[in-house]
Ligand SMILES: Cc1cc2nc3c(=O)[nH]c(=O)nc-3n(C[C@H](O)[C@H](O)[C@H](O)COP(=O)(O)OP(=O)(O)OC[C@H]3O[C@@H](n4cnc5c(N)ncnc54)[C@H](O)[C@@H]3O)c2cc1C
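As a starting point, one isolated chain is supplied in structure tokens, in the form predicted alone.
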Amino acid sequence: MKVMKTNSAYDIAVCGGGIAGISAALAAAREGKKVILFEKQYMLGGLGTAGLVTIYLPLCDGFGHQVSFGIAEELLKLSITYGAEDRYPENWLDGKGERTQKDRRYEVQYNAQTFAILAEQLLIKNGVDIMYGSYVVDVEMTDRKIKSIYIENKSGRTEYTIRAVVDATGDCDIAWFSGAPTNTFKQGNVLAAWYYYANENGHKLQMLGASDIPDDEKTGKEEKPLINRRFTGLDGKELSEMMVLSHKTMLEHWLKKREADPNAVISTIATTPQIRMTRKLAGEYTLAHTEEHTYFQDSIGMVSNWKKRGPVYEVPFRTLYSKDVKNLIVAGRCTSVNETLWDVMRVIPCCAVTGQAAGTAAAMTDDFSTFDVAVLQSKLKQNGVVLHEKDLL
């Protein structure tokens, strides 16, 4: 196959344009670096837009303490620039009401299409080059560093020489290509078929098929899966079959809904598979779900547990890289955590927190294994990130 070589020079390649990739690209560009972002869809936001999982889950611990800051909060506010669809937290955004364990958490439901366009405009304003319809298909290694990445899109295959890479693919594809250690989600994903419908009462999100629960958290009271089949999310044929099944399930559900509500029409369907967990990095540290409220000297920010109130996790920098590939850093659901915590780390606030840290670090070094994390922490604090639970008000 003929391979073209780009004439453009970039410091950082961000692979994947979901929330983690948006955050990483934005953070790196704000540090004055030349950044290119590759996204396979023709809209930003990943599962949070094209996948219609349009709930920006909590930035708080559920007991009145905000734990995720910086770009995580900036993007939440961006998502509702022209109004929230639902879950508007007056107590957090407008200062109305209390913030106890009985009150609203700091989360919103937003419009996918508006958010995608606003995120695109934000990146362009900050100097990020966006390449849509682009897959990373291979890498070239030299001395345990990624020297080049290979992209395929409408132009064919193109080689980009870069200094550092952020893997925000959601599937840890770049880590996989480069030989970094990875783990796959053992139990697989259940079928989901979320869609939007409109009727005389407005535009509504239909959450059909719940996100899965890790085996060791199950109680026997979980929602029954739509079908008796699991999906790895890492096989092309399987993903195509999943989308067909998802479409079939949506249509059947809507036809039944229409019997009771003749005015209901399907308004939006997902254009990307609603897969939650696939493959992640086995980094220099693997954060466990039991390490809530644990202090980590190399924390790059905090996340909460969207499923229950109380837990707060400091995220160690060591969960974002492997010494096996010096200039590769991951973000979002690629982060090195155990399987139970993976279900927490895959959501939007966590993707934004790790994305900001990854992009900022990539702007500072091309060897994450020897990088002084204190330098990164200082910059993150300057940019509004709170690193440790002890520092919360």
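Residue numbers run from 1 along the displayed sequence. Because the structure is predicted, anything quoted here is derived from the model rather than measured.
In what follows, reference is made to the form predicted together with this ligand, a form of this protein that is not presented.
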> Based on heavy atom distances of at most 4.5 Å to this ligand in the predicted bound form, which listed stretch, 60 to 68, 27 to 35, 332 to 340, 359 to 367, is the contact stretch?
Replying inline: 332 to 340
> Quick one: of 163, 105, 276, 289, which gets a non-hydrogen atom within 4.5 angstroms of this ligand in the predicted bound form?
Replying inline: 276
> Out of 130, 80, 270, 136, which one falls within 4.5 Å of this ligand in the predicted bound form, going by heavy atoms?
Replying inline: 136
> So in the predicted bound form, does residue 328 come within 4.5 Å of this ligand, heavy atom to heavy atom?
Replying inline: no
>> Would you classify residue 192 as touching this ligand in the predicted bound form, given a 4.5 Å non-hydrogen atom cut-off?
In response: yes
> Should residue 351 be counted as a contact of this ligand in the predicted bound form, where contact means heavy atoms within 4.5 Å?
Replying inline: yes
> Taking 4.5 angstroms as the cut-off for heavy atoms, does residue 301 touch this ligand in the predicted bound form?
Replying inline: no
> Does any residue in 10 to 33 get within 4.5 Å of this ligand in the predicted bound form, counting heavy atoms only, and if so which ones?
Replying inline: 16, 17, 18, 19, 20, 21
